[in-house]
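Given next, in structure tokens, is a single chain: the form predicted alone.
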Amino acid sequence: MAYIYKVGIAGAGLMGSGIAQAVSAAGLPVVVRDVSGELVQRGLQAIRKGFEGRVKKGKMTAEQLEQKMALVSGSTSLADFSDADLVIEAVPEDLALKKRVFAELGAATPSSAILASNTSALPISAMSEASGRPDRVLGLHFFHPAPVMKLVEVIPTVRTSQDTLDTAVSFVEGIRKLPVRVRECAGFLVNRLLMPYVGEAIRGVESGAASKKEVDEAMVAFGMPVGPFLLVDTLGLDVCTKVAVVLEHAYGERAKPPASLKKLVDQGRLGMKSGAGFYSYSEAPEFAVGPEAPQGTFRPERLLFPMVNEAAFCLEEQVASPGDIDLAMMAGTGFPQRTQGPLHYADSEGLDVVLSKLKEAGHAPCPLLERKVAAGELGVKTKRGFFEYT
């Protein structure tokens, strides 16, 4: 296992600057590179602003802020990655662009350097081949906001060496984040489970079963930090739509995005960053997803059971272990800790109940879920489900 002494960030945008802040906060030097001086300066300003917020909250001193900023440098030249031990790509979600960046990074960095992508859904294997050193490439998927969110999905490809994986896990732990190893697949783990949850929320409102506000309030009452509509507005509807397209291509009908997503993006309603999304944050009128007629009967399980179903598919494909799935969803989405995660939640509700409700709602259940119910592994009540109970 190697050690990481210097980190490069390819891309000074929202995620790139956030990752750079997290790295420098842990005491490692980091160079942020983008294609123009203006973009680089904007990224450096975002990093400083992030640290200033911590100063205002009393979590660090002004002197410590300057010490951390001294670890950060900006550049428009790939040559400044020539002594980096790790470079994390954080450019827009376009596979052709990312492959081009990885080819450039492969030529500009030492052969020993690890190259990582922060992509949220695109195939890392394709980028690794473009780098010319696929054994030194993997995914390091940070979550927004990167300085705050603890989870990092660590995604090796079939070509990633064990040394690369071990070094990456150690690096993530070293910057005080929580690494969860995920087998490469479309959407990886957290986004793959999150999209059925969001999609069902939108479809429920489209059908008139509930209002946006009713759904969001119900999910917050369940224990989620924000409701699905506010979450999508925060993440950006364009970002969510790109992930949804990747998932639909990989998983077919069960991952088909709701019609409202594309309508909103076509209207330029991208969420908070554009002043309007599912909700309005400016003078723009509200967007009518459906009849907006509260029924008073909305139940959180309508969104949670499709999430559990996709988690079962992930288990069947060995994307991650049951414990890591629950841990990732709590750390990456704020799934309430009292439930211990979606798979523990399903065990407490009863896998027979989950299966019945999925079929009733017209969802195609995962074969693993059907096999567990057929075998009498129903969860807590039978002392065996996704987990064992004593």
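Not measured: the values here are computed from a predicted model. One rule holds for the numbers: they count along the sequence shown, beginning at 1.
Just so it is clear, the following notes concern the form predicted together with a small molecule, a form of the same protein that is not shown.
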Within 4.5 Å of the small molecule in the model of the complex, do we find a heavy atom from each of Val190, Phe313 and Thr333?
no
If we test each of Lys177, Arg133, Arg203, His141 for a heavy atom within 4.5 Å of the small molecule in the model of the complex, the one that passes is His141
Answer key, the small molecule contact in the model of the complex at 4.5 Å (heavy atoms) among Val154, Val265, Leu247, Val101: the residue is Val101
TL;DR on 348-356, 61-69, 26-34, 48-56: the one with heavy atoms within 4.5 Å of the small molecule in the model of the complex is 26-34
ask   = Is there a heavy atom of Val91 no more than 4.5 Å from a heavy atom of the small molecule in the model of the complex?
value = yes
Would Gly379 sit within 4.5 Å of the small molecule in the model of the complex, counting heavy atoms only?
no
ask   = Even though the small molecule is not shown here, does Thr160 get within 4.5 Å of it in the model of the complex, heavy atoms only?
value = no
Taking heavy atoms only, is Met15 within 4.5 angstroms of the small molecule in the model of the complex? yes
